[in-house]
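Take a look at this one chain, the form predicted on its own, written out in structure tokens.
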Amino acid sequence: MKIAIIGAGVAGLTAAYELRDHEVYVFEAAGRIGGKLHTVPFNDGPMDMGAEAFIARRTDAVAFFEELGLTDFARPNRELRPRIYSGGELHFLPKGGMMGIPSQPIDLVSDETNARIENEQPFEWTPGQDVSVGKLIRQQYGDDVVDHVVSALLGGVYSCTADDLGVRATVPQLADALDTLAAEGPVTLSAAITHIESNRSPAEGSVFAAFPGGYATLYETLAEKSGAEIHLDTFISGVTKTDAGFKVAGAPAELGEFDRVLFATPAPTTARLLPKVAPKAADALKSVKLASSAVVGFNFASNVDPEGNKIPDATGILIAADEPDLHAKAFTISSNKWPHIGERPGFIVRASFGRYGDDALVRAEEDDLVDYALDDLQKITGFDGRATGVNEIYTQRWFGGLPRYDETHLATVEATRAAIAEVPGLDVTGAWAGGVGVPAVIADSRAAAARLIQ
């Protein structure tokens, strides 16, 4: 069977590997594979400038990596905790809860907010519904929890504030807990979070893991072991149905037509490619909006500046969404977080910028982004990176890096899949379809590959 896969990110390459017993061609508009995963060569070792870790408790992903022969996983430093900068001060990130949503009072919010958490009033919840994370928390707890904590965590994962994200689409455990409570009696947010906390199994090792060689270890292995013919710098402009199969406009003419086509591209790109072959699916996908972000990686000469100011002993620093006069949304202190990076010379820190609806920072000049990062780091920690010395800098922009998983997103995915199912020989996959995180993308891609050849 002759199969075209459009997109050489982890979704497309995973599908190519799953379909390796067939004649597979992968078409990628960019000049490299990996998509939104990108490992760059710092002088003393590779560094990821996109996603850097995966949830190690996703046993399906771990088993898949082991199948590929990738068994060398790095674990983060468990002795250190992340911090959050709020109210002009650094705090430890509160323990417990779910994505920053507490079940009891915390020290990052006002006394009034804590009183609301302690005396929360029940609300109406219909099993299966979805609502904005921010709207729900503001309704039950007030603005403080959203603006000081939850949006800081979600901004790092989804490049969106809590108000732009749906509960069921981004915190599914919370949606499930609310469904359970609704079937039993009164529903409160604090009771739902308590339900989640009480059902957690004791921690066994870190929740997260990474590849010591960066995510290039994964995407290069997938490309090699798939046996697929990969065409870079190949812009696909559309797909049409023919009597014999599918014509992929933009693919080399000598390849002819294909029996199957898998779209492993961002939602807007997929919507642009589908009109002639699956117009209902194209229309459904047009509603998906994308969030952009940027990462600036620094290798400082030291973690202590000439005046003795030290980068905190933390794995990272999140910045409250309502904190004034700052540009960055977070800092990953990579040399603290990952022992294998901490062993290298210098001291590596990554600064992250950008949330949905605010692309100005992502489009800023590189020198400005670097200055913003250095200024913010000094304001938050006292550490003067300029005086210390910077051995290396790398800036990576992710235009449209992640979909906005709002309260309508899951319905959009369902409608798109239903429309695609009406056209035998086509399927779709990607972060917009399977959810954020490499394990989720891999699982969705493997399922799409299986459906494609049924």
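Numbering starts at 1 and follows the sequence shown. Here the structure is a predicted model, which is why all the values come from computation and not from measurement.
What comes next is about the form predicted in complex with a small molecule, which is not displayed.
Novice: Scan Q140, T269, S86, S226 and let me know which has any heavy atom within 4.5 Å of the small molecule in the model of the complex.
Specialist: Spelling it out, the residue with a heavy atom inside the cut-off is T269.
Novice: Using a 4.5 Å cut on heavy atoms, which of A415, A53, L426, V62 is close to the small molecule in the model of the complex?
Specialist: Contact with the small molecule in the model of the complex is made by A53 alone.
Novice: Among 381-389, 418-426, 65-73, 43-51, which stretch has residues whose heavy atoms lie within 4.5 Å of the small molecule in the model of the complex?
Specialist: The contacting stretch is 43-51.
Novice: Is there a heavy atom of A443 lying 4.5 Å or less from a heavy atom of the small molecule in the model of the complex?
Specialist: So A443 does not count as contacting the small molecule.
Novice: Does the small molecule come within 4.5 Å of any heavy atom of V295 in the model of the complex?
Specialist: Yes.
Novice: Does any part of V24 reach within 4.5 Å of the small molecule in the model of the complex? Heavy atoms only, please.
Specialist: No, V24 sits far enough from the small molecule in the model of the complex that none of its heavy atoms falls within 4.5 Å.
Novice: Should T234 be classed as touching the small molecule in the model of the complex when contacts are defined as heavy atoms within 4.5 Å?
Specialist: Although the small molecule is absent here, T234 would touch it in the model of the complex, with heavy atoms inside 4.5 Å.
Novice: Would G7, W398 and V438 all count as contacting the small molecule in the model of the complex, using a 4.5 Å heavy atom cut-off?
Specialist: Looking in the model of the complex, the three residues G7, W398 and V438 all sit within 4.5 Å of the small molecule (heavy atoms).
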